[in-house]
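Quick heads-up: it's one chain on its own, the form predicted on its own, in structure tokens.
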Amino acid sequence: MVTNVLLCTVFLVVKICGATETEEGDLSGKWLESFKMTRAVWKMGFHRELVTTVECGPHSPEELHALLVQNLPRGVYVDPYQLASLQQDAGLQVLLDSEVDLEAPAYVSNGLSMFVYPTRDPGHPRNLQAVVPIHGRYHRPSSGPGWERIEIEPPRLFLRANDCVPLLPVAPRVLMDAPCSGQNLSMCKWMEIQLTQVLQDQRHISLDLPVGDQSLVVLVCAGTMLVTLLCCVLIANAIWRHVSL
């Protein structure tokens, strides 16, 4: 009887250890290399949307959280007030590393970095997606009609499992301490994922912003003054007629 109990105990220990090794092997296995990232810019003009979609592999855990560390150049910015409103209305989670001057032109602004927490796409449960509104800054006028091209580099992708447990807390993976979500300041361990299947044309995306034509300064100023004087005359005439009555 005692022998049978010992044998059963040894069998259970071996089985548990084997399951643990298998689980760890899965966490450091091929599924970490199956992630794909696609990026796009929606809308036109100075007000756009930066869309980043992370496609999870078929064997990735269901309780998986993602973090995108996105750097923006000085030519574009995000509106923190708009982000706060979208967080309440649509659940968008974005944290900024610094204050944003909404009125500053591009040539006196600095780039910024933000933490973006993509959420599950209802139409594609295996996809994590974030739609962040971005806005173009005004640039110096040029000697003629033209456009300014703004290049946006790809973000760094970090993952963590549920309950703030890092997926693989060993080398050669890079671990980083960062807020667990955009709704609180508690810190979690995040593991960086080196994407090997990023499409070549998705590595850097760009948007073109219109630039003012400096040769039209005199014409624009003259037209503005003429319209202003005409409006003043019309307003003064209306006031004079009202007083006369």
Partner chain sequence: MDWMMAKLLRKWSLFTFAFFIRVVLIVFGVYQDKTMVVKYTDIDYHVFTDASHFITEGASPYHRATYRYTPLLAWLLTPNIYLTSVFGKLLFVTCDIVSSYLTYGILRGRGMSCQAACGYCSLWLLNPLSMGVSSRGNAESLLAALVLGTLSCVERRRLAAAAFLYGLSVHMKIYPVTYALPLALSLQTRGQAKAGETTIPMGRRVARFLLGLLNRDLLQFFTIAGGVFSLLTLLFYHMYGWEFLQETYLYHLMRRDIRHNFSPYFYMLYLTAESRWSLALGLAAFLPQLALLLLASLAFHSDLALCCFLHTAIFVSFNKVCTSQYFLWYLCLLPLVLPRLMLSLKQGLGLLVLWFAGQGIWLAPAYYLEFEGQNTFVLIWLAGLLFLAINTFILIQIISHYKQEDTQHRQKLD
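The term rigid core refers to the most C-alpha atoms you can superpose between the two forms while keeping them within 1.5 Å. Model, not experiment: these values are computed from the prediction. Residue numbers count along the first chain shown, from 1.
One more form of this protein, predicted together with the partner chain, exists but is not displayed; see below.
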| item | value |
| --- | --- |
| Listed residue (220, 187, 51, 176) with a non-hydrogen atom within 4.5 angstroms of the partner chain in the model of the complex | 220 |
| 4.5 angstroms heavy atom contact with the partner chain in the model of the complex for residue 57 | no |
| Residue 47, heavy atom within 4.5 angstroms of the partner chain in the model of the complex | yes |
| Residue 61, heavy atom within 4.5 angstroms of the partner chain in the model of the complex | no |
| Residue 102: touches the partner chain in the model of the complex, heavy atom cutoff 4.5 angstroms | yes |
| Interface segment, criterion being heavy atoms within 4.5 Å of the partner chain in the model of the complex, picked from 151-159, 131-139, 68-76, 113-121 | 131-139 |
| Residues within stretch 49-69 having a non-hydrogen atom within 4.5 Å of the partner chain in the model of the complex | none |
| Core-superposed comparison between this form and the one not shown, residue 143 Cα displacement 2 Å or beyond | yes |
| Displaced residue check between this form and the one not shown: residue 183, CA, 2 Å or over, core reference | no |
| Large Cα move at residue 216 between this form and the one not shown, threshold 2 Å, rigid core | yes |
| Pairwise C-alpha change, residue 227 versus residue 45, in the model of the complex against this form - closer or farther, 3 angstroms or more | farther |
